[in-house]
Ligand SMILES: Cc1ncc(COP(=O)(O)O)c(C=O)c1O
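Taking the form predicted on its own, here's one chain by itself in structure tokens.
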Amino acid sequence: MHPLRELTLEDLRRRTSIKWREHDPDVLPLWVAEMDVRLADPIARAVSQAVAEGDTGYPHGTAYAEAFAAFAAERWSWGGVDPSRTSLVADVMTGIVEALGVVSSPGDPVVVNPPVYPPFFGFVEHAGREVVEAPLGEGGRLDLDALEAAFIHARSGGRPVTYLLCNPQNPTAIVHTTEELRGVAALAQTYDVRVVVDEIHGPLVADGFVPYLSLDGTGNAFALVSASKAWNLAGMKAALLVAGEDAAADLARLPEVVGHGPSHFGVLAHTTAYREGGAWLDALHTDLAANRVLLADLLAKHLPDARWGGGPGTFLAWIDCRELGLGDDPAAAFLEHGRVAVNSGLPFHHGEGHVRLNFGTTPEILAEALERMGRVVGRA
């Protein structure tokens, strides 16, 4: 089984999702976080059976939470997921906003670590909170000194502070270590900061992922989890808001209508992914590891002046293109002159001269895309 080698470019061009329809047909899309894979067989069967039986109503029950709890215990040796301390939410970003709603008020500061997933800025601002930046440090790792300084600055206004953590980190694909996360927890306790952590990419880490809530001192934090990224289920929305043991009372204050957001198909698909999608996920890990090696080789061949840290946290590569002579927004040049779509680094903040490239595709498409990008640099 090789999930990233099963589809041809012709197969993929028939897709109607944003990845394949946003740009002209001659563009190779290596941008938005959709992988070029078929649905895992157990998930396809579960959804198809629901359609065949007319099981198309509203979601119900704790099956999603129970499936995630079993997955977390098996994969990460984390036995602390209590389904009674979870809530279904429409997706991770919606869940983040709902968590902010129970631990903070409009106008309160929210600390983030740029460069980071652009919706962190948009959703936080839409929720009426103030973004405070604590930039990542050397090599894209958490800078605990910068984080402490941001906590102190955010607290100076006398308002409650929340920290929105991305674990693993998007776009750098850095997998935070136990030591780093313990440092975060210690700072959060010292400065009375509530932590909300996005762990949507966690299942994509083949080895070494540490769930934040699995550590001591994180009881008043929240985590957002989902099968969306690892099993390519963005079109079947569902996620889980998980409360630490000391945050149960906050979770209970969520409005009942929050649970109306996820779709029944989403809950079925995500539940099945956690219960029965392990073999498919292992095969995906193998293919992603091979594509990381391939991408490193292709960069050395076609873009030797580009720099990539090779983070194993997801299928996204954060590539430093500042030595390529393409300006602050090399993604624009790669699209216009190479017909390759990658994400601009600018919306991530502190991402000038960088691009985010999605290598969750076939080796053939990846090779063609990097060859095109190399020709753009040669032309420049």
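Just count from 1 along the sequence shown to find any residue number. Predicted model only: the values in this text are computed from it and were never measured.
Although not depicted, the form predicted in complex with this ligand is the subject of the following passage.
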query	finding
Of D250, D91, E180, E148, the one that lies within 4.5 Å of this ligand in the predicted bound form (heavy atoms)	D91
Contact assignment for this ligand in the predicted bound form, among N220, T272, S228, N291, heavy atom within 4.5 Å	S228
Partner proximity in the predicted bound form: I43 to this ligand, non-hydrogen atom cutoff 4.5 Å	no
Partner proximity in the predicted bound form: A99 to this ligand, non-hydrogen atom cutoff 4.5 Å	no
Residue contact check: Y117 to this ligand in the predicted bound form, 4.5 Å heavy atom	yes
4.5 angstroms heavy atom contact with this ligand in the predicted bound form for A33	yes
Per-stretch contact check against this ligand in the predicted bound form, the hit in 106-114, 139-147, 196-204, 300-308 (non-hydrogen atom, 4.5 angstroms)	196-204
Sequence-ordered list of residues in 142-171 near this ligand in the predicted bound form, where near means a heavy atom within 4.5 Å	C166, N170
